[in-house]
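Next up, structure tokens for two forms of one chain, structure 1 and then structure 2.
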Structure 1
Amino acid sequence: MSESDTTREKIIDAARERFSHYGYPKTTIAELADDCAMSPGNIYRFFKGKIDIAVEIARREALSAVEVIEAVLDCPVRSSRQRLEEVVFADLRYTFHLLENRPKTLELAQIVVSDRPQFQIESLRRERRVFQRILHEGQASGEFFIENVASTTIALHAATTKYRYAQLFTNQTLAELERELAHVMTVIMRGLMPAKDGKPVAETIIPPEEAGQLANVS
């Protein structure tokens, strides 16, 4: 790692610390420079402007959020259905706890999005790719019956909108949201899977929250 890379990281670390403690607006470039034992001017050799530091932090945050969701893919499960349900519930829980425990993270994301609308579009796209992979697998294994995987992915993602950063829409508790999401998933799963012997697919069971799943949100 080159010298200038570690300097850049030092700035990011200092910014992460201050942004999460005091928020983006109340953090000054002079403070970041102090933390890194350098002059304000030098910061601008690594970032075009203050907002770009926030963009970089939010970008990493978004990537690690998708990783949390993707981690669910790695654990062995019995079916694509279970995979899909676990990913959707993980999404609800991860974003819920994020807003609960680290409200400044949302604030930062909102500031970034208001300045760079493309940021949100790309974050959503990354998330959809996870969904798409699962649908594709389920399709290939014959578990799902899906005519058009691409458009069904979009539908699934849109139908679960309320369960991403749910506190922005409602003040329901997490338990209430989980119950609700189970109903949504029940309907969706019945839409994706053929009925067996004339009986519709069983209801979605709320998956248990894995212990390690939310390690980096505390």
Structure 2
Amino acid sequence: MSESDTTREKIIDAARERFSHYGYPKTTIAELADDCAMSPGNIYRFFKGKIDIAVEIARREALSAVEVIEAVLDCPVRSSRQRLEEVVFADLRYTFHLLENRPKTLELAQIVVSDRPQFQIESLRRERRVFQRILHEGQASGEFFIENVASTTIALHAATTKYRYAQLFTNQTLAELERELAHVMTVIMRGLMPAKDGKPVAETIIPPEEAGQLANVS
């Protein structure tokens, strides 16, 4: 890592610590500079403003969430239904615990989304690619009956948006959200999968959290 990269990481680490403890609004560039033992002017060499540091932190958190759900995709011997269900539950649990363990992260996320709407658009695209991959695989295997994967991906993503950074939308507990999400996924699966012998597709069962050990956030 170059000296420039090291300095940039030092600024990001200091900002993450201050944002988590004091909150974004109460943190100043001068304070970050003191934490990093540098001048405010040196901070501006790497970031145009405080919001740009916040966006970088939020970007990394979003990428971590995507890595969590991609890890579920790499689990062997899973049907497309199992992969899809485990992905949405893993995403819910990861982001719920993230905001639960770092309350100021919710405030930061709201500020970034409000100030930089393009950030949210890019995050949505990354998440949709995961859904699209599962739907394509399910369509190819004949497990899912889908006429248009692209439009189905958009609909699926919209239907599960509440369960991604859930505290942005609701004060429900994780257990309440999981039960609700199970009902939502049952409806979705019955739309994606053909009935067998005239019987509706079985209800979604909430997967155990320890299955992928993906929800631990320090």
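As the structure is a prediction and not an experimental result, all values here were calculated from the model. Just so we're on the same page, residue numbers count up from 1 along structure 1's sequence. Whichever C-alpha set is largest while still superposing within 1.5 Å between the two forms counts as the rigid core.
Peer 1: Could you point me to the form predicted on its own, 1 or 2?
Peer 2: Structure 2, which is the form predicted on its own, differs in this respect from structure 1.
Peer 1: After superposing the rigid core, is the C-alpha displacement of residue 46 2 Å or more between structure 1 and structure 2?
Peer 2: No, its C-alpha moves less than 2 Å.
Peer 1: Comparing between structure 1 and structure 2 on the rigid core: C-alpha of residue 150 shifted by 2 Å or more?
Peer 2: The answer is no, as the C-alpha of residue 150 shifts between structure 1 and structure 2 by less than 2 Å after core alignment.
Peer 1: For a quick test of reading the superposition: does residue 173 move by 2 Å or more at the CA between structure 1 and structure 2, rigid core aligned?
Peer 2: Residue 173 C-alpha, core-superposed: shift of 2 Å or more.
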